[in-house]
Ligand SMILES: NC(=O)c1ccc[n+]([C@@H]2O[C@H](COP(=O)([O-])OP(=O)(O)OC[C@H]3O[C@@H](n4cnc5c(N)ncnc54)[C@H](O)[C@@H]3O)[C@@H](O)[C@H]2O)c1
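A single chain comes next, written as structure tokens; it is the form predicted on its own.
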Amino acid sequence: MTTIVDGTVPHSVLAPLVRGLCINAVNMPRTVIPGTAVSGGTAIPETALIIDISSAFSKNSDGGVLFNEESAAKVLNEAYAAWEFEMVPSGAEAVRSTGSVKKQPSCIALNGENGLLALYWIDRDLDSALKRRAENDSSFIEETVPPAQSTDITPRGLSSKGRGDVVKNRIAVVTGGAQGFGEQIVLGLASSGALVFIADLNIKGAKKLADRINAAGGRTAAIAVSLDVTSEESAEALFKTIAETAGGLDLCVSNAGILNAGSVMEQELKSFKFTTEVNYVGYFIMAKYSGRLLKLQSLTSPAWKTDIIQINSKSGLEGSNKNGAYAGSKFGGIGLTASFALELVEYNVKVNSICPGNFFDGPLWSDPEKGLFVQYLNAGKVAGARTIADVKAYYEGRVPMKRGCEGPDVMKAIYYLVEQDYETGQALPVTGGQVMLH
């Protein structure tokens, strides 16, 4: 239930319901953006689908107005099914079985007791939806739905052709996305056709990265948003922005993290707590608010699978000498992943962790002032090491494949987890053989 203020249902509630509705119809990603009705806010485009959701409103004992999302979802699904049957008299399933071109509304208007509540524009990606809104183009979206029976000799699901396509036109958010593994993940998702929200406390770096990606790709592929992962208010604002900008979410990559090395006998409690706050509590906060959005969206797209992926660490699987704060927060993160997976599977949200090996070329390790090579050298973690090069050579030598983990290694793991329908609650090592499951 959502309490209504000033008679307005937030777009952050309505837009995910509409996005799920559109996804459910064709089993493909959609972008949904709010629009403004023409003619003084009373008229709507002629070919728009108009749905009355006034039955989803009620009053509580104090006379306040409540909005029931579950009731609204039921009304939306029933209204869309009726519209679809009218557009395709033989029924939606007939369309799916023949692989015919299927029509879908590009504009949906939601009405309440007092008239128009909200107007939404829909298309395959953000730029297309924005173009429709700007041109008031409510012509139908036409989509060729693949037939249920394929003539391909490969059974459904066994081919891995075009693995990056699993995120095409999907909406993703990457925390800590302005640098390190986060930047690599953002670049990978954007190049594979996703719309990526770069969420970072370093908003200047996030904007610079988004501008570079958008200029290179010639489309809106990345959007920078400020985020402090330790703040519930900041997280709530982030997912509100995502819902209002694109309608919903398919993938949340909880990547933001910090590391402060130090002996358990010497590390300050303040440093220990801060590491835990970012790595462990921050992941909880991201799962909490992304989970709320994904649950809301699932009310109208119950079969559409979405993902929360935590970027953990090999230190979450085996511990780390003189690095207890970091390893402890990562061990705890895997416990959160397994627990969140059990709860959110009800809404078809898969929750998994990826445990990369060391990204030696990233700022976490290589920063000349605060990087781990410097920290480990100063902490005396590597016996006999006199230079940063000595520390790096030591850690590379511990990996059976003799190199650190890189961005493409993590991206392949992300594609696997998104593509895999039958995997949740797992901690997937990507360590070059340094840490093996047993």
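The first residue of the sequence shown is number 1, and the count goes up from there. Here the structure is a predicted model, which means the values were calculated and not measured.
The protein also exists as the form predicted in complex with the ligand; that form is not presented, and the subsequent description refers to it.
In summary, the region of this chain contacting the ligand in the model of the complex, judged by heavy atoms within 4.5 Å and restricted to 199 to 207, 260 to 268, 105 to 113, 126 to 134, corresponds to 199 to 207. Using a 4.5 Å cutoff between non-hydrogen atoms, G180 counts as a contact of the ligand in the model of the complex.
At least one heavy atom of P363 is located within 4.5 Å of the ligand in the model of the complex.
Mapping the unseen interface onto this chain, S298 falls outside it, with no heavy atom inside 4.5 Å of the ligand in the model of the complex.
Put simply, T306 is far from the ligand in the model of the complex: not one heavy atom of it is within 4.5 Å.
Note on contacts: among F340, F359, F331, Y80, the single residue with a heavy atom within 4.5 Å of the ligand in the model of the complex is F359. Checking L293, I213, V166, V278 against the ligand in the model of the complex, a heavy atom within 4.5 Å turns up for just one residue: V278. The candidate spot formed by A172, G248 and Y347 lies out of contact with the ligand in the model of the complex, as no residue has a heavy atom within 4.5 Å of it. Taking a 4.5 Å heavy atom cutoff to the ligand in the model of the complex, the contacting residues in 219 to 258 are L227, D228, V229, T230, N255, A256, G257, I258.
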